[in-house]
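In structure tokens, the next block holds one chain alone, the form predicted alone.
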């Protein structure tokens, strides 16, 4: 698939039960949070019997949450690569990320939270959740740092660029939810500081 806005199986290709559970959890947790989603609702959304949940996820809802966060993170990593790989400069890649996420925001109905933080930060006080969220976010930053360096930024500038960009994205997503306006996300790239505009000189 091209990015997170195009996820979904073809109608004539039903997904395995495990995948249906993960996709159902990712959607429900994103919209209602971990604590606001019940097991019965999860199972109904996935079209799966209760026994299948514990067959695939022995610790039930908490294991499913980790798997759903991994799935969402993988979609984000694909979006990052699809946005930055063809970009001539960091800012253009960041702009594409913003536009793709704004499209996703519109498709989800303008109330959904970040799929990882809505799943892992809004769950119970669970150190494993917090550590896993940190690992996933660091993965996004590391992937972005690699692209920034490839596009000409020095190591320290690339790290700062990536971290600042995701601070902007997290805050911008929340403001977009409050305003119900995806243009907040589309405009975030305009706030990128000048060092990020450096172009690779061959």
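Positions refer to the first chain, counted from 1. These numbers were taken from a predicted model, which means no experiment stands behind them.
Omitted here: the form predicted in complex with the DNA. The next part is about that form.
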{"property": "4.5 Å heavy atom contact, residue 167 and the DNA in the predicted complex", "result": "no"}
{"property": "Close approach of residue 61 to the DNA in the predicted complex, 4.5 Å, heavy atom", "result": "yes"}
{"property": "The DNA contact in the predicted complex: residue 52, any heavy atom under 4.5 Å", "result": "yes"}
{"property": "Contact flag, residue 171 vs the DNA in the predicted complex, heavy atom cut 4.5 Å", "result": "no"}
{"property": "Residue (of 134, 40, 154, 175) lying close to the DNA in the predicted complex, criterion heavy atoms within 4.5 Å", "result": "40"}
{"property": "Interface stretch in the predicted complex with the DNA - options 135-143, 65-73, 155-163, 30-38, non-hydrogen atom within 4.5 Å", "result": "30-38"}
